[in-house]
Structure formats: C-alpha cells, structure tokens
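Next up is one chain by itself, shown in structure tokens, the form predicted alone.
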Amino acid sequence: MSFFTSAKRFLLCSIIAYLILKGLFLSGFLTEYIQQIILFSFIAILTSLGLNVIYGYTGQFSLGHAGFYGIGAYTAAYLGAVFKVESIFSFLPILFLGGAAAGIVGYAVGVPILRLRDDFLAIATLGFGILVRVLLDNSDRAIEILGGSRGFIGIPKIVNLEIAFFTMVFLILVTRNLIFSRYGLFWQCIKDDELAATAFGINTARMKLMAFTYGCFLAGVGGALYAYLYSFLHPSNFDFLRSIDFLIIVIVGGMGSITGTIYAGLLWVTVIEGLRIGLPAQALEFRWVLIPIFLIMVMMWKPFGLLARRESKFLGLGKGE
C-alpha cells in the first residue's frame, strides 16, 4: 500500500494528464503524426530514465544505451512473430520479456566491463553499442525474419496511449521507490565517492551491476514499445547517435533527477519533431544547426541541468511525498 500512497501526488497528476491526452486523442484535434510523437516521447522518457539510473545516480558513463534499446525492440518483435501476438493482453508479457532480454544481456556485459571507470567504461560501452548495430545489420544470416540491413517488417501496431503512458508511469514509480530505497542510496554513495563507499562496507561491484542491469531493462522495455508503435525496425534506429539522444535528455534534465528526465524528454522530442514540422523541406537539415545552439543556450542557463538532483514537489516524486 505504501508503494502507491508515497507517490499519490504523482499518480493524481498522471491521471489528470492521461484524461487530458485521451480527450485530445479522441477529439481529432491532434493528427495521427502528432499522436505518434507524443507516444514516442513517453518511450524516450522511459529509456532515458534507464540511462539516468546508470549515469545520473551511479556515475557509470555509458555510451551504448541504444544497443540495449535495440535488443529489447528486436527481442519483443521476434517473440511477437513467433507467438503471433496481435492483442494488447498477449503483448504485455512480450513487452517485459523484451526488457528482460536487455537486462540479461546488460548483466552479462556488465560483469566484465563495469570493472572499468570513467572514459574507459564509456569506450567499452560504445564498442558494445557498435557491436549490436553490426549484429543487427547481419541478423538475417542467422534468423531470416529479423531482416538484417533490410529491416524487420510486419510488426503489428499495438502500442496505444494507455500502454505507452501507463507503462511509463508504472516504471517511473518503481524507479522512484528504488532510488529512495537503500539500494538507491548505495548507488548515490558510489557516484559521490566509490572508495569511501567501499570503506563503509558497500559491495560496489554488486550495486553497480544491479543499477546497470536495471537501466538496461528499462531501455529494453522502451525498445519493445518502440517496435510495436512504429511496426518497423531498422538497425540504423539503434546506432550511436540514438545513445547520444538519451544522454542529452539525462544531462539537460539534470543527472540524478527523475523529474528532470521527464521534462527534458518532453522538451527534446518537441524540439526535434517541432523543427521537422516547422521548417520547410529545403531547410530541414538546418535544424542540426539550430539544435546545438539550443543545447548551448540551455547549458549556459542551467549548466547542471534543469533539475540536477532535485525532484518536483508538484509531481510528488520527492522523498516522503
């Protein structure tokens, strides 16, 4: 019971937001393209939240997050094809199996590479992300249905507002309770001073591996949602630049802030897609000039992110709400 009552304000805000969005979706005021962008923003928030657990709370600099995102997407799509998933109820187990696959791979990869720190860890995770992209490009040689460089086609479009929104809300609540549990405190101690955390008896290797595995699980769930939202997967959707997108959301929102990740995720998707809609076709590539300028301005205004290590009292994500 305390799991829900401790974040009752967040649940209330979530219900109000859902009712507003549901009304907009049913009214026909939003085009199908805009609706899809809104749903994708929830996926971006959820996936970036996983990176925030890894980097923002535990201090592990990962540049391969899109690899786990892709593992979750392809696993869910493949299992859906094998078991002929076409309904919401049969999709939900597949959704979390996609996350579990990414988490298991994250655990297996994390055992050797989490011994590294800082730049060395970043390079190792970057290498893993590139490896995943190469494997996906050639996946049809092992399993034809995966499509390889042609892409995975024929995925049913199952993800709707309810699935995307409430999956995000549920996992935000789970993450919030983890952060304010003893494990979350251990993670933050490791980020602040790993040597001191070890001296106080914290099993830093185990705690870092736990955070890394959970963050990869969230990325896998995000990938599964992506697969069943867009009905098509291509290896280019999970390259290094996608990892940078998630990293930007974490840094702009503020490392160690769930609320900041929510705000920054909405802001980043709005900027990216808003420029795509607002700019004329002949000037579309100009957005890659405007976007860096926007990021520089944000970092000059808030060098540590919008809500670095702070949570919104309005959303009720802080401790003891």
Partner chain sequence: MELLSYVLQQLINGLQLGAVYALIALGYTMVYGVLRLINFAHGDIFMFGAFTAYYLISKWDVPIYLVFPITMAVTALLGFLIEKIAYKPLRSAPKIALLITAVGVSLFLEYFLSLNSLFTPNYIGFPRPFEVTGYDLRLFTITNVQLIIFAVTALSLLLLYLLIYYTKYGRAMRALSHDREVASLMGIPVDGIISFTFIVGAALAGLGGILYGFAYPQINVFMGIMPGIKSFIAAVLGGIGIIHGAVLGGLIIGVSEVFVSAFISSTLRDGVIFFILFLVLLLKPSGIFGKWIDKV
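All figures in this text were calculated on a predicted structure; none of them were measured in a lab. Residue numbers count along the first chain shown, from 1. Between two forms, the rigid core is defined as the largest C-alpha subset superposing within 1.5 Å.
FYI, the form predicted together with its partner chain isn't displayed, but the following is about it.
For the marked spot (119, 123 and 138), a heavy atom within 4.5 Å of its partner chain in the model of the complex is present in each of the three residues.
Though its partner chain is absent from this view, in the model of the complex it lies within 4.5 Å of a heavy atom of just one residue from 164, 105, 113, 146, which is 113. This chain appears without its partner; in the model of the complex, the one residue of 156, 93, 127, 151 with a heavy atom within 4.5 Å of its partner chain is 127. Among residues of the shown chain, residue 271 is not one whose heavy atoms approach its partner chain to within 4.5 Å in the model of the complex. At the 4.5 Å threshold, heavy atoms of residue 304 reach its partner chain in the model of the complex. Of the heavy atoms in residue 30, none are within 4.5 Å of its partner chain in the model of the complex. In the model of the complex, its partner chain lies farther than 4.5 Å from every heavy atom of residue 263. In short, of 80-88, 130-138, 217-225, 156-164 it is 130-138 that has heavy atoms within 4.5 Å of its partner chain in the model of the complex. Counting a residue when any of its non-hydrogen atoms is within 4.5 Å of its partner chain in the model of the complex, the hits in 204-241 run 240, 241. A movement of the C-alpha atom of residue 16 falling short of 2 angstroms is seen between the shown form and the other one when the two forms are aligned on their rigid core.
Between residue 190 and residue 303, the C-alpha separation shrinks by 3 Å or more in the model of the complex, relative to the conformation displayed. In the model of the complex, the CA atoms of residue 275 and residue 299 sit farther apart than in the displayed form, by at least 3 angstroms.
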